[in-house]
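What follows is a single chain, given as C-alpha cells, in the form predicted alone.
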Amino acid sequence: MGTYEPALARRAELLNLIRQDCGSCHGMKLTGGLGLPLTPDMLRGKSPEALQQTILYGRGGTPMPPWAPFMTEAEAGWIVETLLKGLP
C-alpha cells in the first residue's frame, strides 16, 4: 500500500465498485447496513493491511465475499487508502 494510483478509467471502475458493490451491504453512503460502516471514523485505528486482506479474501462465516478475482493487491490497498480518507 502507499504509492499506487490506478489509471483514470480503472479508478472510476473501483470507485463505482465501492459505491455500488460495497454499498449494497455496507450502505449506499457506507454508513452501515448488513455490513459494518466503512467511514473514515469507523475505520480509524484498524490495520490497513488487515482491511486489505479482508477485501481480497473476504471473511469466512460472514457475507463478506473475496474480491481477489476482480482486483489486484495494489488496487485493494488503494481502496483501503480511499476509504480511510473518505470517498471523493
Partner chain sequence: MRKLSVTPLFLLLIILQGCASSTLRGTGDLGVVIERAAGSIQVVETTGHTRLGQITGLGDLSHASVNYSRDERYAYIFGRDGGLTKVDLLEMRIVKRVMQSGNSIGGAISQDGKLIAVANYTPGGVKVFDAATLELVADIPSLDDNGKPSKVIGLVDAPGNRFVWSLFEAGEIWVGDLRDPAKPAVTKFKQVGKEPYDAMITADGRYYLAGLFGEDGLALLDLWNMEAGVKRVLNGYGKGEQKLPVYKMPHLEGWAATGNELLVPAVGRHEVLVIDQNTWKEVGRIPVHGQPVFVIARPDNRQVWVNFAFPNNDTVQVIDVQSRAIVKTLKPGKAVLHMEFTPRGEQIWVSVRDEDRVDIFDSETFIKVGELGADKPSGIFFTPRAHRIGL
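Since we're looking at a predicted model, the values are computed, not measured. Positions refer to the first chain, counted from 1.
Keep in mind that the form predicted in complex with its partner chain is not shown, yet the notes after this line are about it.
Its partner chain in the predicted bound form is approached by K29, whose closest heavy atom lies within 4.5 angstroms of it. For G33, a non-hydrogen atom is located within 4.5 Å of its partner chain in the predicted bound form, even though that partner is not displayed. At a distance threshold of 4.5 angstroms between non-hydrogen atoms, E73 is out of contact with its partner chain in the predicted bound form. Taking non-hydrogen atoms only, G77 never approaches its partner chain to within 4.5 angstroms in the predicted bound form.
Of the residues in 8 to 29, those that come within 4.5 Å of its partner chain in the predicted bound form through at least one heavy atom are, in sequence order, N16, L17, Q20, D21, G23, S24, C25, G27, M28, K29.
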